[in-house]
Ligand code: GLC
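The chain below stands alone and is given in structure tokens; this is the form predicted on its own.
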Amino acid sequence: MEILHVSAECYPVAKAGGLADVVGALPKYQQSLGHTAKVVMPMHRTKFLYNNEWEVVHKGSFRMGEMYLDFTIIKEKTNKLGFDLYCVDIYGLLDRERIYSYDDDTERFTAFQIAVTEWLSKWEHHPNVVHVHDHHTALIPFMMQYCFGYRHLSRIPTVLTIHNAQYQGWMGWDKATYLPAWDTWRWGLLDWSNTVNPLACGIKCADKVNTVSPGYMEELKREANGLESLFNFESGKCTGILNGIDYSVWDPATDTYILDNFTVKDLKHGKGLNKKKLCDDLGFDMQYPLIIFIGRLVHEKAADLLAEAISKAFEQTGHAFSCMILGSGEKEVENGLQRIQNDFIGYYHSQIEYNEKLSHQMYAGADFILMPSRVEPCGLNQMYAMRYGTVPVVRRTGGLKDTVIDFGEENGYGICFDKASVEDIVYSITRAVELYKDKTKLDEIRQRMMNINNSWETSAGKYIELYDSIYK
């Protein structure tokens, strides 16, 4: 079977979040199962682009509203990622360093989708499945069926994976003219609440829809930023498939980013050395548990609660732990986390940036990772942490609920709480501090976590089963 993945990001080419990790790993594991998986994404101006060899495989053009755009498809020559990687270049739109957050993102990603569909329409043979990811690519199933120039693609089954339903790509109806000539009788497929909603359109038009955990799919039927009724109506074609993690990247035994490699057999020694390196760099005391947060500093992750919660937890525990924050996001949240730094010198440090190497070092050296998310479609950080023997402290939501069992329950290995509130976070931190004192119990939990198989092998097989259910 041949699968074409279409995505805005892909690790290690360009990454803003978990979407990149999924698209960088899933195709590789599908290849290992004997299938042909390919990825096409925008040609973001990143280090990966300049550090690798490329060849031009297609040139074309299309009209988008009043604009006439040329595009180029390039292919990475060496199969470095374990699958064929293609990038779309459109001068002035896709040739930028950042992935998102430009004023013309609507134009950028609409043009990207048209270019991909135009290129696909010229293939001598077609893939068995087109797999699109999130709202940035969700108009493609509609265009394949209802744009007059692409109707020969309508027999190709499509899958939409929703990594985060909070972002839907809304645009005014005046921009519907951007799409290639389409059957206007089908306007209702584009519409949701009197606006063009690409994610809603993808849910309506794709043959199958999945989210990145079963728990998140059920949550979307109750809370989906306005799409609740749609998820309930289309529930027959919707499912949840839990993400995996790439064990070739996230393995403490081979990770080149960390100071000392270790396995479950020598985790106490290995984690100890990695923790010492972090604590020495930050001026922390090794005797205290090290609690970390890694991720986007946004409301969705409940990062706005962290400064107050950490401050109160220091007060309640008598400064009985150390804490490190790594991430970036909303300026107000960043500033709040920076402001408390002078209050807890020697116990607390916040680093406002995206830093892949440092994140690996933190997973390897920390004792606990805090994830109080309001919304967490799957969550990969808790699985990375468990792989490195770091205990997840999580709110029961989405994929966190599917992957972490409280250590107070049978065969549990994490710390779980119910509300995204300062009080629940503080209480959970105090539980972590107490657990840390019981070294026998902590070692038992760490060993149990590290032996859990969260690799992509199982999940990749479930995607193949999903494709088989619609392959014509």
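On a predicted model such as this, the values are computed, not experimentally measured, just so you know. All residue numbers are counted from 1 along the displayed sequence.
Just so it is clear, the following notes concern the form predicted together with alpha-D-glucopyranose, a form of the same protein that is not shown.
With alpha-D-glucopyranose left out of view, the stretch that reaches within 4.5 Å of it through heavy atoms in the predicted complex is, among 376 to 384, 253 to 261, 82 to 90, 271 to 279, 376 to 384. Heavy atoms of Gln168 never reach within 4.5 Å of alpha-D-glucopyranose in the predicted complex, leaving it off the interface. In the predicted complex, alpha-D-glucopyranose sits beyond 4.5 Å of every heavy atom of Leu160. Shown alone here, Gly24 lies farther than 4.5 Å from alpha-D-glucopyranose in the predicted complex, counting heavy atoms only. Proximity of Lys301 to alpha-D-glucopyranose in the predicted complex: non-hydrogen atoms within 4.5 Å are present. Shown here without its partner, the chain carries Leu4, Gln31 and Thr36, none of which come within 4.5 Å of alpha-D-glucopyranose in the predicted complex through any heavy atom. Between alpha-D-glucopyranose and the residues Leu19, Ala460, Val13, Met449, the one pair within 4.5 Å by heavy atoms in the predicted complex involves Leu19. Checked against alpha-D-glucopyranose in the predicted complex, the candidates Val212, Ala206, Leu139, Val394 yield a single residue with a heavy atom inside 4.5 Å, and that residue is Val212. Taking alpha-D-glucopyranose as it sits in the predicted complex, the stretch 235 to 255 comes within 4.5 angstroms of it through a non-hydrogen atom at just one residue, Asn243.
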